[in-house]
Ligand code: PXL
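Quick setup: one chain, the form predicted alone, written in structure tokens, and binding and motion questions come after.
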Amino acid sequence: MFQTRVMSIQDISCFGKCSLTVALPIMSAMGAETCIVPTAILSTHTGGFTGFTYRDLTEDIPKIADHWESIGLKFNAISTGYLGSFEQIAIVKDIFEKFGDGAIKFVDPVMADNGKLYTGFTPEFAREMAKLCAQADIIVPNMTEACFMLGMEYKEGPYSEEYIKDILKKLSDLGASVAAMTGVVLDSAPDRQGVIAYDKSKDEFCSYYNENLPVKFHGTGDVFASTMCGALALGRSLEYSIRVAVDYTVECIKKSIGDDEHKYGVRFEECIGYLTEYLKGE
């Protein structure tokens, strides 16, 4: 029997619990064979650390893809996270063409938060990321990333549900079949946080919320995206995949609250049992 196989394209931060060091163990624990395409290798992630090392691996990515194509690898899903350059976006577009037949193309357009682009990114980069999202099946931006891709002014939340739905429809016009907004807090329920998604093919919305915890940890977006993509690759529904990803992320955050030594990331490893039990529920 063919095992579910996912390609994950993003950087390796050797310390810090984000990107591939989160995606590989989470999707593997879910039962998906996870094949990594490292875009760069860093000694730590960039959130709160200084003096970290960085090695760009852009020139290696096409070689990995060409070898995989030569041996006939097929994938159930292709997932992208942090991409550091225009060239890497162009390479991912080519990978989508080579391996996209029958695979869910899942893009987390990691580039901005809290109304600002991350260091090194520009509005031109955001427009190029929007073109990559046009080739995806599912995109999972936060509000800041959505606004930059759409050329809209960013507004602080909480938001009305109608406002989020309007943005999701505009995101779907970029080309993706499903647009899911992460980190949504509605003005009608400020104590809850979750995700609203729009499925263009069905012209339907779905949403799921859990506690809005008053803490911030690095890497929680990667935990969410890895879990959601893994569930989709395993054939679970959009609604279920969002639900398990939100709930698992919240469990990881709860496990980490009060642990000042782990401000750089959540203790997701200790919640893997919760995730595998959850997957037995559908």
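Residue positions are given as counts along the sequence shown, with the first one as 1. Model, not experiment: these values are computed from the prediction.
Although it is not shown, the form predicted in complex with the named molecule is what the next lines describe.
Colleague: Sort through Ala29, Val244, Leu42, Leu238 and report the residue having a heavy atom within 4.5 Å of the named molecule in the model of the complex.
Modeller: Looking at the other structure, the residue within range turns out to be Leu42.
Colleague: May I ask you to check whether Thr46 falls inside a 4.5 Å heavy atom distance of the named molecule in the model of the complex?
Modeller: Close contact exists here: in the model of the complex, Thr46 approaches the named molecule to within 4.5 Å, heavy atoms only.
Colleague: Counting only non-hydrogen atoms and a 4.5 angstroms cut-off, does Tyr159 reach the named molecule in the model of the complex?
Modeller: Tyr159: no, not in contact with the named molecule in the model of the complex.
Colleague: Heavy atom to heavy atom, is Val107 within 4.5 Å of the named molecule in the model of the complex?
Modeller: Result no; Val107 lies far from the named molecule in the model of the complex.
Colleague: So in the model of the complex, is the named molecule close enough to Phe75 to count as touching (4.5 Å, heavy atoms)?
Modeller: Although the named molecule is absent here, Phe75 would stay clear of it in the model of the complex, with no heavy atoms inside 4.5 Å.
Colleague: Pick the stretch from 218 to 226, 30 to 38, 246 to 254, 56 to 64 whose residues have a heavy atom within 4.5 Å of the named molecule in the model of the complex.
Modeller: Looking at the partner contacts, the answer comes out as 218 to 226.
Colleague: Would you give me the residues of 84 to 108 that have any heavy atom within 4.5 Å of the named molecule in the model of the complex, in order from first to last?
Modeller: Going through 84 to 108 in order - heavy atoms within 4.5 Å of the named molecule in the model of the complex - there are no hits.
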